[in-house]
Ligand code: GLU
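In the block that follows, a single chain appears as structure tokens, in the form predicted alone.
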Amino acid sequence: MKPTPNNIKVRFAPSPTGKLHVGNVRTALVNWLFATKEGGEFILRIDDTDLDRSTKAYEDGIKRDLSWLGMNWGQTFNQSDRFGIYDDAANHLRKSGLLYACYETSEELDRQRKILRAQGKPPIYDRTGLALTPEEKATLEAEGRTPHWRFKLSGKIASWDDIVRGQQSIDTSSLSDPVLIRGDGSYLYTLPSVVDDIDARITHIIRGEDHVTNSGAQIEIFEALGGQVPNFAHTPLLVGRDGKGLSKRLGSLSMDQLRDQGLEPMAICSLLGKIGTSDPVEARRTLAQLVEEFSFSKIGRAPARFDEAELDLINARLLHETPYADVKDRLKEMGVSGGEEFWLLVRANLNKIGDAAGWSTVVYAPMAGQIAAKDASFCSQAADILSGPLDNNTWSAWTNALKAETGRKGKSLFLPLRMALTGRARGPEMDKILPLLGAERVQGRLHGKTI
């Protein structure tokens, strides 16, 4: 039965063994956009069954990053609190004859796979464990071996209508029976995930296409546990600008590092929400815009190309359109002087909001401009010609007078003045920056003073 909008539930299930990076944030975003648009619920599940590698610090970091990006969640829980529930599910599968003990070591399994490949056969587990007698198991355990536990696949075709990829089929006879429980008794991802999806009544599993093959086995586990099989949507993976995988660079694309670089959360969401879709990749000011525009039908089949240069460009464009009210408190925290007039003047010249601090220094703090020796006389002459209160018309009248007086024009006229007053070759329009500098500061800098 197709879920109705008011009972749609999705989940984002990160493992707290590392930081959130652009790859898993894109998965979270697609889940969040879909749930929000459909009036459903976005659940945050912390997959911390790996007790040795999971940390509270990483878990807190995941939650902090999602909050920073604006992706609020409803229900949240940790898998480490649910081991008893997973034990019950495993016992149910054992009693059903679908979870069986195997005693091969990893070295023995690896050797079996190599032999099969050498024979030109697929490296599928031969179900030796399924044929063991109680006496043989006792003998193996007496040798000190502990079993790992595999789920017995049916060998049938598992099919589903993927929301992104269309009709999909997995021949489970082409797969090895998946290991659900390791020899040390710890759970792999598959069984806890299915149990949690059943208990949380997840209606849609939205994830990367690298999980397509896993879906065949998971569908059979859903059915074996009496659960409703969710809808699946497998999205293309992220690749770099060059079309190659991002796996080696994901550490440098974590949310905390992008945040430290001064990138806006909406720049990240705008890029991740649009790459790989039929929509143009442009800055969006709010998540509400992304929600309104979201549709699975827009997601293509080709890998989505993530380009850091494109992210920087979107970030700059976003700042160029950001109203003062949205950044007022942040500018204050950064110690940036000037109010709305200053922000509206400099925002078109910013790549990241931290750049505003540099322009605040130019306008409001003591500094010396840059005057080339060949331009020192010209700048002094310019200071002498400047008079009267400074307003938005002063620059035009002043430079026209200088042009008539000195014969300079174009770059030779304007650039020395800009460098003397701001220390930069590019920046906001000088007719607007001049009044903010004030007559005293303009006169002093033209004479080479630090003011």
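The numbering used is simple: start at 1 and walk along the sequence shown. Since we're looking at a predicted model, the values are computed, not measured.
As for the form predicted together with glutamic acid, it is not shown, yet the points below apply to it.
Proximity of Q443 to glutamic acid in the predicted complex falls outside the 4.5 Å heavy atom cutoff. The closest non-hydrogen atom of L437 lies beyond 4.5 Å of glutamic acid in the predicted complex. In the predicted complex, V22 stays away from glutamic acid, with no heavy atom inside 4.5 Å. In the predicted complex, glutamic acid sits within 4.5 Å of a heavy atom belonging to S193.
The contact with glutamic acid in the predicted complex, taken as any heavy atom within 4.5 Å, belongs to R207 out of R207, R284, K274, H148. The contact with glutamic acid in the predicted complex, taken as any heavy atom within 4.5 Å, belongs to H211 out of R165, H320, H211, R259. With the partner left out here, glutamic acid still marks one of 326-334, 108-116, 125-133, 185-193 in the predicted complex; by a 4.5 Å heavy atom cut-off that stretch is 185-193. If you check glutamic acid in the predicted complex, you find a heavy atom from every one of R11, S15 and D47 within 4.5 Å.
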